[in-house]
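Single chain ahead, by itself, as structure tokens, in the form predicted on its own.
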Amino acid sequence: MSEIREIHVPDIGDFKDLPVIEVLVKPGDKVAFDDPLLTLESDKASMDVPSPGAGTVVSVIIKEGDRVSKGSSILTLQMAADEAPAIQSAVAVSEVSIKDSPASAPVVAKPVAPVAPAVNASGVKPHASPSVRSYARKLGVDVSKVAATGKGGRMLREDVERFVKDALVRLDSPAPRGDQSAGLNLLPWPDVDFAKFGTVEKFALSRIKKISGANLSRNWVMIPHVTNNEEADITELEAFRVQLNKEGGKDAIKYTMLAFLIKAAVASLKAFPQFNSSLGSEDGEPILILKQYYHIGFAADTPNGLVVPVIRDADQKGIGQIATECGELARKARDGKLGPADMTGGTFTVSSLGGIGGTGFTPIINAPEVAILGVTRAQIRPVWDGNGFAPRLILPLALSWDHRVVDGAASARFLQHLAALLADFRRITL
């Protein structure tokens, strides 16, 4: 035996005349006790109305856009005769529970931002509770694209997690031949027969370029880059560097501008520690990891492409030792003899094109670092000193930084600090 009972909106506190933003069941659906039937929304919260018993939906009385209050009819439910009498007591208990213990209330209200229900490709609004929608928003997931596996097409938290995992797998999978979209749903890379237009030659990419190309693509796409530019007056510093090299003789240390840049970068990182950090996660939440060591990478040009060897503990080394290690690592790089230990653990990178030329460029951040300094060739320029123009050696600086960690004000101050150190290297002792 079974009975058909009319189900009403239970006690929802002081809320009245709330709009129905989603009806979660249809005639013929089977529901269990506490399954959500519809979703209401106030100006402060969204809430699911649960089923007070198990059974089969016979008819749905309300529709999306209707307004309801306590006692409004929702639907009719066919259920076993022995369970039907339990509805009234269940509702009564629920009403007491709401007043006495909000945690046990059958109607759970959760603050959310009012948003229009998403619509999937077939034009059907996905059935997802406010909590699932909120969880999806935190992960940046469009619920209209998630396949729901719950009863009656209900979207579960596990469905959102599965969607994210599948997306990560697609990103991590190697792109097929001719596809450079990296799983980002971009237009396919144009597959052109260039020989149709003239004579061509084909060369295999070097191993270094294959590896660095994949890393650079990931870093450029995944990191929100911003680049600030500054100029440093290195007139006195360059004169000092030349003097040191003249005094040293043939077999002495060869002081390079790169060594001074690395030392100045370390001092700037100490003044602005967020630039000596990396993003990480703990218990599923993003965290910032501030490093208490200063391992500075530098871009080394080799016949097979750029590599980034690392000067470890640069804060504990003098200019001469840094210059010597840079020379040794650059030679190992050109000879293809760098080991993994020579290229890992970096906290900040300096990429200098000063020996080649240029007036500026946008360096790509070397993940998991959060910033990189780019340097081009210094040039003599006339600079006003208050009385007249004087020739000064000006070094262009470009700082690319991760906008998830750093902001524009901090990056501008970092560059100003660095430029001041290069202009008067005595400040490095302060």
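From 1 onward, residues are counted along the sequence shown. All values reported here derive from a predicted model rather than from experimental measurement.
Just so it is clear, the following notes concern the form predicted together with a small molecule, a form of the same protein that is not shown.
Student: If contact means a heavy atom within 4.5 Å, which one of 71-79, 301-309, 188-196, 283-291 is the stretch that engages the small molecule in the predicted complex?
Tutor: Contact criterion met by 301-309 only.
Student: Would V375 count as touching the small molecule in the predicted complex under a 4.5 Å heavy atom rule?
Tutor: Close contact exists here: in the predicted complex, V375 approaches the small molecule to within 4.5 Å, heavy atoms only.
Student: Would G354 show up as a contact with the small molecule in the predicted complex if we use heavy atoms at 4.5 Å?
Tutor: Contact with the small molecule, yes.
Student: Is T256 part of the interface with the small molecule in the predicted complex - any heavy atom within 4.5 Å?
Tutor: Residue-level check for T256: yes, a contact with the small molecule.
Student: Could you confirm whether R241 comes within 4.5 Å of the small molecule in the predicted complex, counting heavy atoms only?
Tutor: So R241 counts as contacting the small molecule.
Student: In the predicted complex, which of the listed residues (L395, A398, V57, L40) lies with a heavy atom within 4.5 Å of the small molecule?
Tutor: Contact with the small molecule in the predicted complex is made by L395 alone.
Student: So which of I319, A330, V226, I208 reaches within 4.5 angstroms of the small molecule in the predicted complex, heavy atom to heavy atom?
Tutor: When the small molecule is considered in the predicted complex, the option within 4.5 Å is A330.
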